[in-house]
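Let's start with one chain on its own, the form predicted on its own, as structure tokens.
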Amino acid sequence: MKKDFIKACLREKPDRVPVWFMRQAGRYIPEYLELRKKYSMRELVKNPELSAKITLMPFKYLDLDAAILFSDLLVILWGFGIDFEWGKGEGPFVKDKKIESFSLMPFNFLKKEIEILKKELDVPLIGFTSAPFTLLSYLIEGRFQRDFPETRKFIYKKSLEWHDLMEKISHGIAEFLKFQADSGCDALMLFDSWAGALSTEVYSKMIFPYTQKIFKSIEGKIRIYFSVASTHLITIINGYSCEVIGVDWRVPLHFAIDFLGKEHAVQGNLDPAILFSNFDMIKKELDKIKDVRRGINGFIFNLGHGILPGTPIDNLKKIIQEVHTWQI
């Protein structure tokens, strides 16, 4: 197995700067779009052969240094006895919000997908799920809502119930991540997509202890944390017991490396939207990143969020080729 991604996560010297992309398995690939004409998201996610096939699709085009499971942030809800539907253009819709005791029984399909992939891949495999705040906000709101007003009201109005729910959810998340690691995943990633909606005080008191507890429970594994629009939380995030912190395009990379890089590897942070421009413009941004990360072992090239639908594959290919020429 190629080790550049693992080495960079551990801030050891890789042979080349590793590259992978969030949402690299999916909606910009022609073969995936053809599958979506035939199958629903539920059918794809629950079919281990098809999910593994989608996870492998980008490697037909791109020289990537890691793979990430084709799945969904909310799949973990099935372990709590909660169902959801994938909406059209509005994100998932959570149907039943009553939390049951967490069970790994519904996830045989995921174990099988990982088993298939471990036989096919020559790069590390990343497992993932939602961080506790993002997961609980979906349960409270029912769907994506800007600034998550019901969740924020819940925190203030029902703080004791909030802590109880966070405890239950965090336990399930820890078990789910351990399950993915035991099944063969080489790294584990928590996506805290909506953390930026919170103040530093609320995040510090109501979120950080639970996410930290999850990371502590999976010590010995490669752990990655990624949040969106959370520059104001960076001092708190720096306290996480994880190997890698991912940053979006709003966080200046020189600041992320100077501040986070003392304790963590840094992953990010090219704006996904720039991939729709010409490569000359992209190259200028790449040169900035190249200069900032020069001499840093613990840097993993990624976007500041997931690949957008319709992204030109040729630009992704050129980016990887360019980054792989950078001196360590």
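Only a predicted model underlies this, so the values are computations on that prediction, with no experimental measurement involved. All residue numbers are counted from 1 along the displayed sequence.
Only in words, not in the display: the form predicted together with a further copy of the same chain, which the text now covers.
With the partner removed from view, the residue among Lys95, Arg250, Lys119, Lys216 that has a non-hydrogen atom within 4.5 Å of a further copy of the same chain in the model of the complex turns out to be Arg250. Shown without its partner, this chain lists Asp147, Asp83, Glu115, Glu100 as candidates; in the model of the complex, only Asp147 has a non-hydrogen atom within 4.5 angstroms of a further copy of the same chain. Residues Ala197, Thr200 and Asp271 are all found to lie within 4.5 Å of a further copy of the same chain in the model of the complex, as judged by heavy atom distances. A residue is said to contact a partner when one of its heavy atoms sits within 4.5 Å of a partner heavy atom; Ser137 fails this definition for a further copy of the same chain in the model of the complex, lying far away.
For the chain shown alone, Thr231 is a contact residue for a further copy of the same chain in the model of the complex, at least one non-hydrogen atom being within 4.5 angstroms. At a distance threshold of 4.5 angstroms between non-hydrogen atoms, Lys288 is in contact with a further copy of the same chain in the model of the complex. a further copy of the same chain in the model of the complex is approached by Ser277, whose closest heavy atom lies within 4.5 angstroms of it. The stretch that touches a further copy of the same chain in the model of the complex, counting heavy atoms within 4.5 Å, is 200-208, out of 183-191, 200-208, 122-130, 103-111.
Contacts to a further copy of the same chain in the model of the complex (heavy atom within 4.5 Å) from stretch 148-170: Pro149, Arg152, Lys153, Tyr156, Lys157.
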